[in-house]
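We begin with a single chain expressed as structure tokens, specifically the form predicted alone.
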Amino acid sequence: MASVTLEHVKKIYDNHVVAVQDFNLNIKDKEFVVFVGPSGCGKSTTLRMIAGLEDISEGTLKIGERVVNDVEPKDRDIAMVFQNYALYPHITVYENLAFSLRIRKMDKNEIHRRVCQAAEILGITEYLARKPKALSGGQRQRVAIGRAIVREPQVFLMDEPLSNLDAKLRNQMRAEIILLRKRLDTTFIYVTHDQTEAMTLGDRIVIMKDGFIQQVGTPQEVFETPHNLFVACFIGSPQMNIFNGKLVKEANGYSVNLLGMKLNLDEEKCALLRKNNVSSMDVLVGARPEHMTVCFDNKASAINGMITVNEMMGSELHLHVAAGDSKNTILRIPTIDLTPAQRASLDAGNSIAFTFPTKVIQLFDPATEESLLYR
């Protein structure tokens, strides 16, 4: 097992396109780290540099204590699982699993042991005699993962391995990867554009945009303490609601004025604002859909709006609301405690009053889009 360290790593292609900018990260031994971000953010390019499939333009890459910038992929002691499975269609599952070991001229008994062990871990023993075309997408993905397991590498690299599967199978395979990680207890680096995969799989998440790291942290840290507007809106589904507001520094604390309502901030947020020497200013106020509460009775201290869309999701309603200058504020409302009359009042076209607690809001500088709370 090994750590992976990237120091000022940069990738510039021949056409002068900069894909990855000054990437710095220390991945600890046996840690599961997920690179996540929109298409084109540089996450797969970074993974391919770690694998040795892309040259590093600048910076240093270490696996363990060894600098591997110029080490061939086969000599880095890593194994990679690709998005498209990359199985040999003309040979059996057993031979696919054994192929890389045979190339290394490993002892036949050791090859058999490793193949059978990987097949047992992944639940594909009964498919060893089949060819890939006779398998489902999920079974093929297990074989692709098994081909990495048999090599017993120091580091596992996974490049969007679940993106070709349907939603139900993705959920199942996600759980299996969590269990697999516990059994193998090695270093994993996983790339995805799916924030759900990132949040459920990673010990830490590396959020990227335009080749830059935006934030590194645990799933809870990036959800609760986003460092900028991009992270706040990228993590969470539906994404965070953003309102235009005015931050007011008062004698004993801070308040926010938005949509005709004054919100007095709690002491924790006031302490953070004082620490960062924040004065009165225009701000962007973020509040997540799941933190919104409908005011069925006391509407005096609430935000008023009009429901434009009502999405029934089974256990909850997703209400799209036009309120002030925010044309699409989203509320996630659990249905279990709603009375029939309350549910009827939430139909599209009806007026609505809602609020949210100040302890969950985020505050951003409109000019820099950086958090005023977490720096």
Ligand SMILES: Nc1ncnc2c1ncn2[C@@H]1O[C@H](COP(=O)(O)OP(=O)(O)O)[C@@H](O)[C@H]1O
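One-based numbering along the sequence shown. Keep in mind the model is a prediction, meaning the values are calculated, not measured.
Form predicted in complex with this ligand: not shown, discussed below.
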This ligand in the predicted complex: contacting segment from 44-52, 322-330, 344-352, 307-315, heavy atom within 4.5 Å: 44-52
This ligand contact at A367 in the predicted complex, heavy atom, 4.5 Å: no
Interface membership of T339, this ligand in the predicted complex, 4.5 Å heavy atom rule: no
L25, heavy atom within 4.5 angstroms of this ligand in the predicted complex: no
In the predicted complex, G40 touching this ligand (heavy atom, 4.5 Å): yes
Residues from 13-40 in contact with this ligand (non-hydrogen atom within 4.5 Å) in the predicted complex: Y13, N15, V17, A19, P38, S39, G40
